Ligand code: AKB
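Only one chain is included here, represented as structure tokens and corresponding to the form predicted on its own.
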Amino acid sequence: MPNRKEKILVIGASGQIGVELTMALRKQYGNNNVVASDLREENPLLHGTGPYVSLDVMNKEMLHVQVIRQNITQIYLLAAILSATGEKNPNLAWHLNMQGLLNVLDIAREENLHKVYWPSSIAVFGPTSPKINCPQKTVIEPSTVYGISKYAGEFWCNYYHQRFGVDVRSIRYPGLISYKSAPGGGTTDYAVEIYSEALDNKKYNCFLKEDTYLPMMYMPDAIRATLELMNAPAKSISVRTSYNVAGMSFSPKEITNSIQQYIPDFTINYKPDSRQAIADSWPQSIDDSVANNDWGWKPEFDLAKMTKDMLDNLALKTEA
């Protein structure tokens, strides 16, 4: 079976990660070999770059039909309700995040798919997890429904690998920062919003306290980490729950200082809301030595390099 041509289905392709991951996969496998799908309308950045289908991951029969019809060999499941949004409707978040994954894993088993990718999150960690350099294996007691669903999902992935041989791989994403597509209701969204507000209004109201350190990653690093993990030989994958990956850690105060290097009159006000409690429950930094050892993971962007790239690209978007 390994010589079968790869045909990839991306579920949740119009989301923050989905857009850029779909484009990266199309570059690697060819435009027509990567089928983008979402419940939402196709993201404008994906228009004309390859096939797109409207798909609800909760409808297992329709999903199965698409997998067979399109000769799919790999699925990237990105559809999820994130941390801050999930707290507003916990039952829906649990149902979507769990059932969508189980539908995909079941179909992967039945159709002998080559690989499945499903992202986890630093939200699996809770108040009792180590705050500094949180290790791959540690105390995990998540306090949000998003974190609970991701942790349960990690064990479903491990179960389907151990029991049925499904080659499912996962990364615990930190907060992700991107200028191409909007974030989707997460606790780390401030680190995306702050750049566009700095350029547009020279001021920002931050929903976290100034000294709240969180693990973050610039989207190019996140996409590269995902592809490197998925391209690694199966024998080098020792973690079948989900890998810790790290990019950088910073606070709102530090990102503000970084922006002020380019926009000196930028100001920030701190108005912590319900998302502060979620942020306080997460680690401040992540130990990703297992990912480094297994498949050579290393981030390329630090805060200074990311800030320059974000402001340069957002300024170009504004001019366009």
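Keep in mind the model is a prediction, meaning the values are calculated, not measured. Throughout, we count residues from 1 along the sequence that is shown.
Another form exists, predicted in complex with 2-amino-3-ketobutyric acid; not displayed. Remarks below refer to it.
- Across the options 133 to 141, 229 to 237, 77 to 85, 194 to 202, residues that bring heavy atoms within 4.5 Å of 2-amino-3-ketobutyric acid in the model of the complex belong to 77 to 85.
- Shown alone here, residue 218 lies farther than 4.5 Å from 2-amino-3-ketobutyric acid in the model of the complex, counting heavy atoms only.
- Contact check for residue 174: a non-hydrogen atom falls within 4.5 Å of 2-amino-3-ketobutyric acid in the model of the complex.
- Using a 4.5 angstroms limit between non-hydrogen atoms, residue 244 is distant from 2-amino-3-ketobutyric acid in the model of the complex.
- Within 4.5 Å of some heavy atom of 2-amino-3-ketobutyric acid in the model of the complex lies at least one heavy atom of residue 146.
- Residues are counted as partner-facing when one of their heavy atoms sits within 4.5 Å of 2-amino-3-ketobutyric acid in the model of the complex; in 182 to 204 these are 186, 187, 188, in sequence order.
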